[in-house]
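The form predicted alone is given below as one chain in structure tokens.
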Amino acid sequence: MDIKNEKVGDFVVVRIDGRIDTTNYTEFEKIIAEVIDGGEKNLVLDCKNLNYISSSGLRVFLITQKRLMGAGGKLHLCTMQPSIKEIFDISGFSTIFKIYDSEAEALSN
């Protein structure tokens, strides 16, 4: 897993490359917490290069959503591969998160 952050307008775009699973979800959770603890309230998680997510990774997404909503912020997900989108659909997470086809679309909402 490789994570890169970039401030774009009112959002921090977090680009995820690789897998989020039981071996590295705590690292991912720590990175996200550092961004939020640094005062950012609006995040876009770019999932273009995310090729696997376990239930542990889904939990981090859910915790992030709850934290940002509690702070009056936004969490947008974008550019999901079909296999990742299917996991979100099957788990019911597609109804919880705002999922966009492109980063530009996620940043404009």
Partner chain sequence: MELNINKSLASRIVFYVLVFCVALFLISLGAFYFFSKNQLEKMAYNNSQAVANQLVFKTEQVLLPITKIANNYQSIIEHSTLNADSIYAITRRIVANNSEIIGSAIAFEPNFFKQKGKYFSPYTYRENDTLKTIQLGNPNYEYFVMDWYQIPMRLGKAYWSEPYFDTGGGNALMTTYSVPFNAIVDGQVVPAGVITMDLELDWFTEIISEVKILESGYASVLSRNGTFITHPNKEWIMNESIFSVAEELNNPQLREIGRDMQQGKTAFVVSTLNGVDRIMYYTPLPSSNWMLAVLFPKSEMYLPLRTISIILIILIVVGLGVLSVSVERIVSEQLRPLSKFAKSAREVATGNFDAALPEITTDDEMKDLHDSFAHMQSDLKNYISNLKDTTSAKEKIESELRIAREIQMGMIPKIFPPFPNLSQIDLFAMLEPAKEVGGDLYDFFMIDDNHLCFAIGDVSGKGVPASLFMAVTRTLLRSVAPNQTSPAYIVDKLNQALSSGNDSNMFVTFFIGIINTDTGIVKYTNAGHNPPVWISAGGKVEFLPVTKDIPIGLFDDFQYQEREMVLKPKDKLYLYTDGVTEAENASETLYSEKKLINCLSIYLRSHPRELIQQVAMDVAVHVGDFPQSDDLTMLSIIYNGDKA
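Residue numbers count along the first chain shown, from 1. This structure is a prediction, so every number in the text was calculated from the model and none was measured.
Keep in mind that the form predicted together with its partner chain is not shown, yet the notes after this line are about it.
Contact check for Ile36, Ser102 and Ser108: none of the three has a heavy atom within 4.5 Å of its partner chain in the predicted bound form. Its partner chain is not shown here, but in the predicted bound form it comes within 4.5 Å of a heavy atom of Leu58.
The closest non-hydrogen atom of Leu62 lies within 4.5 Å of its partner chain in the predicted bound form. Interface membership of Asp10, defined by any non-hydrogen atom within 4.5 Å of its partner chain in the predicted bound form, is ruled out. Remark: Arg15 does not count among the residues lining its partner chain in the predicted bound form, judged by a heavy atom distance of 4.5 Å or less. Using a 4.5 Å cut-off on any heavy atom, the residues of 88-104 that reach its partner chain in the predicted bound form are, in sequence order, Asp89, Ile90, Ser91, Gly92, Phe93, Thr95, Ile96.
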